[in-house]
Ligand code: NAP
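Read the single chain below, which is given as structure tokens and is the form predicted on its own.
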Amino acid sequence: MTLIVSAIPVEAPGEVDEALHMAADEVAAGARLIEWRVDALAEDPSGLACILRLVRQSPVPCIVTIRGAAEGGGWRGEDTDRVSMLEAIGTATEGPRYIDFEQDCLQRSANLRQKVLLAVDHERQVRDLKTGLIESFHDFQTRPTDLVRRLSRMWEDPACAVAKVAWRARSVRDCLEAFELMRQAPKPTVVICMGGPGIASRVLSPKFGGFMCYAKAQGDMGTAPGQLTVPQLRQQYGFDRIGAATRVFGVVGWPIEHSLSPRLHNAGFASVGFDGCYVPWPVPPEWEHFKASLSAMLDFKPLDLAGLSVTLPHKEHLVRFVREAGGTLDEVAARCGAANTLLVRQGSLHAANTDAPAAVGALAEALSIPASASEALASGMEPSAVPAGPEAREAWKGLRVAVLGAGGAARAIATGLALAGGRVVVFNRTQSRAEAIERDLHRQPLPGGGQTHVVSGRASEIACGCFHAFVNATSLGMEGGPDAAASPLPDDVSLDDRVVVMDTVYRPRRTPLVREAASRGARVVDGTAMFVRQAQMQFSLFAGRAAPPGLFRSLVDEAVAP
């Protein structure tokens, strides 16, 4: 079982009472160890007495860490003084479960090492001590070139009770190395990839036998980049349920900090009793990064990668990747060259697109078109298989929809609308990209006969007053995106209650486009409508069963303010 450690910094004597209350809250949330980070407190004249009180009154076994400045800590004094304090702490009547000390200091000075060994339990210790040594190394810049050698030395050191290495992840591929090091460990070991690309190394540590996972206290900034809170680990990621057989899913994109997908899918897995965990995998925009990252994840068989949600800017990359790997594509992905879902089944790859039916369904609801039939048509189903199909197609035939954008989402939405029978005009700041969508999609044969109608539009044509709906398929207005304050709709576009404006951006819910369209009298569909639909479809593909009714909608409404 991987222990969750809540790291609580205490900088001054006046903070001790508050820190103890915070520790009690962390234990109530599920922490099994408390790390007292007392770098600055240890330099105070009353520091030792305060630290001993923290140890004595800690609600669960604890770790005491006085981290040196060389490895990101706040201790500015001499190492000899720091070691003397740790010796007093480790040999106290009520000592901590562990003290944490850096490997470099232990190796740099035989004298320091001898003094540290006086404070901890080991095979040559003549006193009956309960305190063990966490021998650690941290690199806040990058992966150290001698990482494996460092960890091997910790494993070989008989005084080392727990080996701990942490480095700032360069990419998600660093997590795979961390997993393999956890699997190889001959003694209790903590391997952490810091930063956003390393979140999976924390969340999935129980799958690979990691001894501890460090969390930040609720409301605290944390002691290392990428730390999650105890509730995030346990409630959002289902940390307690993760085991060796857990199948791994996740979202790939750039950026993905705003994504609600981990919260939704993990809650869904827990609700239906499915042994899966869904984590963020941030991958930079370039094809080379995407190809290298997915290849490494698939090649690392112990990961048990079973599926991925793929978002901006990688939806077209996913189709290319699956094609090159000899995998299969669903109808929409094959037609539009973009997919948002990867399934891994017995070594074979399948790419699917749930964006198209989700967008068509959300828009159909606003336009009073039978949604279920529209979603089926957008998925490439034969009209004869859907009783309301002809009626829905007839309704779409009279509608003109402007799709704003020319990326993977725009391609999928244009394809879905065209399959449903609508007339689609694609607008983009780079005209050539809109024209490329027209070349790929215009006059494709429809499953039930006829042809699709997708054309590119000129900027001057968007204000023609002839569109029944506008769909934003760009990242403009997205929290954390390239321009969170922008709207893709020009001011000269005429809007009233006969026009529907739909956004695909769901964070924030009231994007600049949504606010602007509502103020000008249009019927508005915010990005949560499409997001919830596509997530439910993805969940069905991942888990092989329907998403719990209403769960995803309630979680999104809770997370995204009106």
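If you superpose the two forms and keep the largest set of C-alpha atoms that fall within 1.5 Å, you have the rigid core. Just so we're clear, the structure is a prediction, and the values are computed from it rather than from any experiment. The first residue of the shown sequence is 1; numbering continues from there.
Below: the form predicted in complex with this ligand, not depicted.
At least one heavy atom of R429 is located within 4.5 Å of this ligand in the predicted bound form. Under a 4.5 angstroms non-hydrogen atom cutoff, this ligand in the predicted bound form has A473 among its neighbouring residues. Although the partner is absent here, R433 is a contact residue: one of its heavy atoms lies within 4.5 angstroms of this ligand in the predicted bound form. This ligand in the predicted bound form comes within 4.5 Å of a heavy atom belonging to F531. Heavy atoms within 4.5 Å of this ligand in the predicted bound form are found in one stretch of 501-509, 26-34, 62-70, 43-51, which is 501-509. Put simply, of G347, P482, P445, G326 only one has a heavy atom within 4.5 Å of this ligand in the predicted bound form, and it is P482. The single contact residue among L419, I192, A409, L204, judged by any heavy atom lying within 4.5 Å of this ligand in the predicted bound form, is A409. I66 shows a C-alpha shift below 2 Å between this form and the one not shown [criterion: core-superposed Cα displacement of 2 Å].
A displacement of 2 angstroms or greater separates the C-alpha positions of A485 between this form and the one not shown, with the rigid core held in common. Taking 2 Å as the criterion, Q534 does not count as shifted between this form and the one not shown: its C-alpha moves by less than this amount when the rigid core is aligned.
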